[in-house]
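Quick setup: one chain, the form predicted alone, written in structure tokens, and binding and motion questions come after.
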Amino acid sequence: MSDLLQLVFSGLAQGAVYGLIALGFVAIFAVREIVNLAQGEYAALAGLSAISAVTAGVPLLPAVVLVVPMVVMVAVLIERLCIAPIRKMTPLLSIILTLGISTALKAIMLLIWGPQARGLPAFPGRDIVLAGVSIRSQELWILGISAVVGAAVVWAYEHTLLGKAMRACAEQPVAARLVGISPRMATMIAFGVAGFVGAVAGLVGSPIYFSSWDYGLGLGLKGFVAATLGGLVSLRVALFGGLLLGVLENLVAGYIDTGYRDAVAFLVLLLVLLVRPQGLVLKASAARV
């Protein structure tokens, strides 16, 4: 029983990172129906940048505080330079375009930091043992920070005037323009939010899962799978999907074979596309006009 609990808890920590990445996918898609395959690169960029800052002598907390807005600025610049100039953006075109952006970011990170994976120092705290389950302090940091950030993003999108305005741009873009809401500005803000949650995911996960130039590829794909569980429109289900995916991966690795771990995400994606392509929402989203 303790082995099962150990696998589940470790899976929840990994899944919380997936959930943050999934939030980035939904934050953008819910505003302009853009699939941003560069989402995972924000996490890799944040982790590697913070590691360089710490190596240069910057304390851990100031390094984290400096890196997050830097990654947000990178995400906004990508939107301004690569997304905004294209007026008729379709989901397929966004996949092709952001895949190219992702490849370019990986190449830049490889040139700057090289191929070696590395990790941030662990956040302060002590490991504990509870009911036979060994809990690392960094896992508690991951779960706690992910819960706070996730709840803040969901609340902002669902309850603030800005969040409602951003969702209105996706559901009724013509009406949004008529009442003075700019879809272009909403898209830029959505990319900023995606950069923020991606940076947080990369920073909290780096001490355990390490950061490297190609770290964002697998992380982004798994975050995308988690986001599809909510039909790419539900922030709450995206978070839950990340946690579920992390637990399933750990259980498969623990009870079957670690070689099948990465296959879990793609099996889940296949099942969702075949059985319920609109995601695990209560009803299919209404057609957008």
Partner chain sequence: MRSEGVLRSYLPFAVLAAVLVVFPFVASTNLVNIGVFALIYGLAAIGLSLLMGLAGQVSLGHAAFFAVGAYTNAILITRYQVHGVLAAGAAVVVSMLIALLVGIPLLRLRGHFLALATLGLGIIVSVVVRELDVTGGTSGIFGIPKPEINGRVYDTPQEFFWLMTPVVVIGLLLARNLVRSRTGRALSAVNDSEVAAECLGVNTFALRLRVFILSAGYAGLAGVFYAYWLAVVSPEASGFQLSVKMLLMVVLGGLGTVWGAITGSIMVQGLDEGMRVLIPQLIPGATGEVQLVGFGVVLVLVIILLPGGLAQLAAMVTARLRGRQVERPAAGRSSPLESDGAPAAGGQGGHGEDGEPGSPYLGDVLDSAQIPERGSLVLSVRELTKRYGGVTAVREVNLDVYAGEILALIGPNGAGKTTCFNMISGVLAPTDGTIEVRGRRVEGRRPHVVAALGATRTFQNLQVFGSSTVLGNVAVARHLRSRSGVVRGMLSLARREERDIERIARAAVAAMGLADDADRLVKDLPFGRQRKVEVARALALSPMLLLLDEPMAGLSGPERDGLAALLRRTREAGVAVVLVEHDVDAVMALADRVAVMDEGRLIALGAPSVVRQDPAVIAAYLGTDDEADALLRQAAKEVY
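As the structure is a prediction and not an experimental result, all values here were calculated from the model. Residue numbers count along the first chain shown, from 1.
A second form of this protein, the form predicted in complex with the partner chain, is not displayed here; the remarks below concern that form.
Looking at the partner chain in the model of the complex, residues 88, 104 and 108 each place a heavy atom within 4.5 Å of it. For the chain shown alone, residue 250 is not a contact residue for the partner chain in the model of the complex, no non-hydrogen atom being within 4.5 angstroms.
Under a 4.5 angstroms non-hydrogen atom cutoff, the partner chain in the model of the complex lacks residue 59 among its neighbouring residues. In the model of the complex, no heavy atom of residue 129 sits within 4.5 Å of the partner chain. In the model of the complex, no heavy atom of residue 73 sits within 4.5 Å of the partner chain.
Per the 4.5 Å heavy atom criterion, the partner chain in the model of the complex is contacted by stretch 108-116, the sole one of 147-155, 108-116, 197-205, 131-139. Taking 100, 125, 121, 192 one by one, only a single residue has any non-hydrogen atom within 4.5 Å of the partner chain in the model of the complex, and it is 100. Residues 29, 33, 34, 35, 37 of 16-43 are found to place at least one heavy atom within 4.5 Å of the partner chain in the model of the complex.
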